[in-house]
Ligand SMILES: Cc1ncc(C[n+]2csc(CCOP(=O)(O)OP(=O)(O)O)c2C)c(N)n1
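Take a look at this single chain in structure tokens; it is the form predicted on its own.
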Amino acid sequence: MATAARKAPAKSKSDGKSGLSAPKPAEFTKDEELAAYRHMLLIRRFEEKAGQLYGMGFIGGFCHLYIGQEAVVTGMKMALIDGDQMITAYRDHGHMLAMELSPRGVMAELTGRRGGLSRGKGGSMHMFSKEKHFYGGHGIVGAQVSLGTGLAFANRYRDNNNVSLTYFGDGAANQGQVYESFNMASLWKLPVIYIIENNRYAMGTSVSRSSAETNFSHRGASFKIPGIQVDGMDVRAVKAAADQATEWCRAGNGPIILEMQTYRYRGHSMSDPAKYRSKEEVQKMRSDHDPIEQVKARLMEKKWATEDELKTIDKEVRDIVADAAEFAQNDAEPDPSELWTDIVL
């Protein structure tokens, strides 16, 4: 297979430990700002609706919402080329929407219907799309890190210039298989970006109580993996870091870690009342750092969009989500014979 020419990675000032530092936030064009606004708003409105359907009993089992973290997956997706893969943990709805999977298919999977991406068998945590290079949705903490490293191994073996985006959280960063994967990826210079979504709480335990090293960009130091801390609430900062990281990997330099400093507004899952933090803490993040409101403010400040135009976008997004919810509530349930498909005997 013919491959694109590999470029030397962009040089950055050293942070004294990893060898790289965060680049300046990207300068977005009007179209890029509007696209980021629309994509993040779709994730936000979709998750709000999913929370409502869960409360109404249409969604069973576990359900982990991505509200507040939308800039991470949106900015990363903007740096990808065709064939790049994405794999993540169980807080995965936003990742699927970012990879342009059908809102109907995602919502129908949440409600366990035939039209779901996994035909109703995977639920919230286990959806896949080989066509869109999305490899899950994984319920076991940290399990996807080894799998994402395997995807990178396949890319290296095939010499296809593609990169594996492997997401995990601050809690999963303490799992043993993560460091086994780091060692393999560094040893064989695999093209994988380890994206640690540090939303400050692993279930209900704060990072300061559970992690001896709270700067997660340093977690790969003993494996010679460089890392960058990124403002995960600013989609421009994420995009700039994503460009640098993908360039690093495509140049044959091996793995890199991006610590996305972000925040989830809701509990760990729908069953979590999140009493381990104050309402004031959450409100301050919403008022000072909300990723969608930041883009909205820039669009209006630069006169790239009016209040009415942004309301129109919001209505269009709400209509897409309402259609997905309507489909998901009325689609047929899987045929009983579906129990025997996708099984190796």
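Keep in mind that this is a model prediction, so the values were computed, not measured. Numbering starts at 1 and runs along the sequence shown.
The following text describes the form predicted in complex with the ligand, which does not appear among the structures shown.
Engineer: Where, among 156-164, 133-141, 182-190, 236-244, do residues come within 4.5 Å of the ligand in the model of the complex by heavy atom distance?
Structural biologist: Careful reading of the contacts points to 133-141.
Engineer: Report the residue, out of Gln85, Thr149, Asn199, Ser217, that has at least one non-hydrogen atom within 4.5 angstroms of the ligand in the model of the complex.
Structural biologist: In short, Asn199.
Engineer: Is the gap between His268 and the ligand in the model of the complex 4.5 Å or less for some heavy atom pair?
Structural biologist: Heavy-atom contact with the ligand at 4.5 Å: present for His268.
Engineer: Answer yes if any heavy atom of Asp170 is within 4.5 Å of a heavy atom of the ligand in the model of the complex; otherwise answer no.
Structural biologist: It does: once the ligand is placed as it appears in the model of the complex, Asp170 has a heavy atom within 4.5 Å of it.
Engineer: Would Tyr90 sit within 4.5 Å of the ligand in the model of the complex, counting heavy atoms only?
Structural biologist: So Tyr90 counts as contacting the ligand.
Engineer: Quick one: is Ile81 in contact with the ligand in the model of the complex, heavy atoms, 4.5 Å cut-off?
Structural biologist: Flag for Ile81 set to no.
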